[in-house]
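In structure tokens, one chain follows: the form predicted on its own.
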């Protein structure tokens, strides 16, 4: 399968003719992504009968545009009110929300939009040009390699624990314990379910997410008149368009950061089942590890906001690669695209790009055009969206709890999930009040079950031989990279201390 570069120009112009589908879908995706619990997959499922009767190109363009824009929309509440719209935006509030509280929500949104669109646009172009190479990534990433990738994300707990080692580790291990609830991967034996059938599939992710972040945040902010600090309120009163341009300038200043973190998202997106949550955590961890100022992360540092946003949008193009090349969807949205394409009798594999290039390459081109339109349509909205932070908490907190509990109900339509959201809200509130980081808990809840699944799968294939974790050449390279990532902050910290001590002596 070779990329036909001569096809891209006419295909781009052809895709532009679908602007009447793309532009309205962008705004729909923003709304869908900004509501916790809703996602592109939920919306496409609801509209599936409509997409089936559309022309196949129109239907695929609609789904691709909704997928991209909802990914960006999930970062809006994460920044403004500390509520990730989806698990892929779970790392965004770590630095986005402190910026909003300081009255810099407009700059933060502008940075997020630029990082998302540039990251998504760049990885889409890379995917178009290097399709044959990327198609091979899924073949090399097996259980052993995925274990190390998970550990990259989980090692972010260690970074969080650096501020308070004991509390950080307790929060992380508590999250891992919650993630172990459900039926055993091998024997399907219930663990920690307390007899609740609703927990047999494990703790549902969306209720845990909205509880730890949204409901607990609502309990916290109701104690104050505003989510903004005093200085933040003064800053918001005097905001102008200059703040948006300032955010854009900061994002472009970190252009290299956008490039390499979005490529992390692309590679992880190619791996079926990995997803945006892993990509955002890994990108944030790597960004902090190799930063010259790691102590600024978590305080409203631009790089800490840019990294997860560019990575989770880099995933979007990656998930289409295994779908189109080998017919294996990389995520829930890609799985629905698979259904639509099969309904229209479209074959997958290298022949798709030769016989129906307008479909094979056209889906990536639709993604590129969507990101192009998003730059023009969404950036001007950052000034008005940031005004949400000015709403008094007496009105904001009940709205947050209402919307998020509905969002907890939507994925599985169980009342039980709303109770779980409230329970996690209480857990998150207690954690915040006692100095434990809710992000560390969430990392354990998200990545713990995935790590266990791949670990047991690797042991089953090797008949219980633990040394199978070091049996892969690629896996061993990743192990070395993980060790370097964990040791680098220690080395750099020691180096900074020596430099500071030498400066004091002089």
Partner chain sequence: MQQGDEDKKRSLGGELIIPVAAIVFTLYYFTTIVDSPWTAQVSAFFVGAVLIALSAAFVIRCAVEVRSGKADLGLGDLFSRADITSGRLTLLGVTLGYILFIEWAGFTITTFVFLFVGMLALNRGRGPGLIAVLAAVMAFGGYLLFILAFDTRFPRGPFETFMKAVLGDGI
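Please read all numbers here as calculations on a predicted model, not as lab measurements. Positions refer to the first chain, counted from 1. Note that the rigid core is defined as the largest set of C-alphas that superpose within 1.5 Å between two forms.
Unshown form predicted in complex with its partner chain; subsequent notes refer to it.
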Problem - One stretch from 299-307, 90-98, 181-189, 117-125 that, in the model of the complex, holds residues within 4.5 Å of its partner chain by heavy atom - result: 181-189
Exercise for the section: Report the residue, out of 255, 173, 290, 260, that has at least one non-hydrogen atom within 4.5 angstroms of its partner chain in the model of the complex. Expected result: 173
Practice task
May I ask you to choose, among 361, 152, 373, 429, the residue with a heavy atom within 4.5 Å of its partner chain in the model of the complex?
Solution key: 429
Practice task
Classify residue 456 as contacting or not contacting its partner chain in the model of the complex by the rule of any non-hydrogen atom within 4.5 angstroms, answering yes or no.
Solution key: yes
Practice task
Give a yes or no for residue 452: in the model of the complex, does one of its heavy atoms lie within 4.5 Å of a heavy atom belonging to its partner chain?
Solution key: yes
Exercise for the section: Give a yes/no on whether residue 60 approaches its partner chain to within 4.5 Å in the model of the complex, heavy atoms considered. Expected result: no
Practice task
Spell out, yes or no, whether the shortest heavy atom distance between residue 344 and its partner chain in the model of the complex is within 4.5 Å.
Solution key: no
Fill in the blank from the handout: Looking in the model of the complex, the residues of 380-404 with a heavy atom no more than 4.5 Å from its partner chain, listed in order, are 392, 393, 394, 395, 397, 398, 399, 401, 402, 403
Problem - Post core alignment: residue 415 C-alpha displaced by 2 Å or more between this form and the one not shown - result: no
Handout entry: Core-aligned C-alpha movement of residue 194 between this form and the one not shown, 2 Å or more
Key = no
Practice task
For residue 358, state whether the C-alpha moves by 2 Å or more between this form and the one not shown after rigid core superposition.
Solution key: no
